[in-house]
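Before any questions on binding or motion, here is one chain by itself as structure tokens, the form predicted alone.
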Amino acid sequence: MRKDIMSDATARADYIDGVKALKATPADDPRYSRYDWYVLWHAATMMTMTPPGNSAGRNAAHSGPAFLPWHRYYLKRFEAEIAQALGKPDFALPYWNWVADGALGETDQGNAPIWGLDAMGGSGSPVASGPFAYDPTDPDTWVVRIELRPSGLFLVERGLNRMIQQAGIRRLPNTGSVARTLLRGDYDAAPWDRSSLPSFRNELEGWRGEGMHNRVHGFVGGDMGFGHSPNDPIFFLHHCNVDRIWAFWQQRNGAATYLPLDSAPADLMRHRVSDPLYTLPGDPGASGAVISDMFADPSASYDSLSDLADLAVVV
């Protein structure tokens, strides 16, 4: 069961140890690690437009209906690999409850416990404090190796960039914006992209409404503002909370309340209910999972949804 990272010291320590273990484990390509492989996978989805050449920004995992099930699959795979690396089969990814942090004052949001030395550390270019600080003299330091630029993917060697509240977004989503998103009854709607309105998926992703998921990326800044955002370990904690919000919405609206159906046009490939979830070519762990496999996946189990239930009655 996934727990709040700031409420469970064991979950916090296991997560930090786990991501560092994957960072120290070589991938099939020795130029990067198993952790970096997940960065590469995420970046590749950004480059896989659906359909190719579409002008709406929809890709294999973003700006369309597959946003939530694809990221649930991604988290599930990452979680299992950390469990194996730690030798703890019951390991579950923790989540960062940015809903609670968004209720704090503006200054307190940038200094919340999640940014402490015993958690994710603070800002910097590169980050210089906490478990993911960069020290080029330390062979075990946190090194970023994958970058997605407008011209393509690049191998690099540098520290993690994180610029909390410094990219023009100084506040996390507030409780009112979360409550309004939870009130959306339709999972998604035509034209199944950033312009879909009204739509639970589109508002939670942050293209409509008040930012939500996208706002959190902008609040953290640095590497979190790009397609290689999983370089920052806060990414997985953030997306666990996004998934937690979806899990609660499913509890209220039905686990299989997903659109579009298989009858939708072929140009919605990768976003229809039975379409395969995108993974890298030659992925040895590919399971052949399709979107509907994620609707009631047991990995999406959380210690508490009570804070979201309280918000769901707010109009």
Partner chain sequence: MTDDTHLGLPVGDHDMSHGTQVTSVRSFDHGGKAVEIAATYEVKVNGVARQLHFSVGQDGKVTSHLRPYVAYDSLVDMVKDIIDHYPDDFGPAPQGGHGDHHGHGG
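Small disclaimer: the values here were computed from a predicted structure and weren't measured. Numbering follows the first chain given and starts at 1.
What comes next is about the form predicted in complex with its partner chain, which does not appear here.
request  = Sort through Ala286, Ala56, Ala255, Ala27 and report the residue having a heavy atom within 4.5 Å of its partner chain in the model of the complex.
outcome  = The residue from Ala286, Ala56, Ala255, Ala27 that makes the contact is Ala56.
In the model of the complex, the residue from Pro131, Gly225, Gly110, Pro94 that sits within 4.5 Å of its partner chain by heavy atoms = Contact residue from the list: Gly225.
message = I'd like to know if Ser125 sits close to its partner chain in the model of the complex, meaning any non-hydrogen atom pair within 4.5 angstroms.
response = Ser125 belongs to the contact set for its partner chain.
request  = Classify Asn241 as contacting or not contacting its partner chain in the model of the complex by the rule of any non-hydrogen atom within 4.5 angstroms, answering yes or no.
outcome  = Contact with its partner chain, no.
ask   = Could you tell me if Gly152 has a non-hydrogen atom within 4.5 Å of its partner chain in the model of the complex?
value = Because a heavy atom of Gly152 falls inside 4.5 Å of its partner chain in the model of the complex, the answer is yes.
query = Would Arg194 sit within 4.5 Å of its partner chain in the model of the complex, counting heavy atoms only?
reply = Output for Arg194 is yes: heavy atoms within 4.5 Å of its partner chain.
request  = Look at the stretches 152 to 160, 175 to 183, 80 to 88, 97 to 105 and give the one with heavy atoms within 4.5 Å of its partner chain in the model of the complex.
outcome  = Looking at the partner contacts, the answer comes out as 152 to 160.
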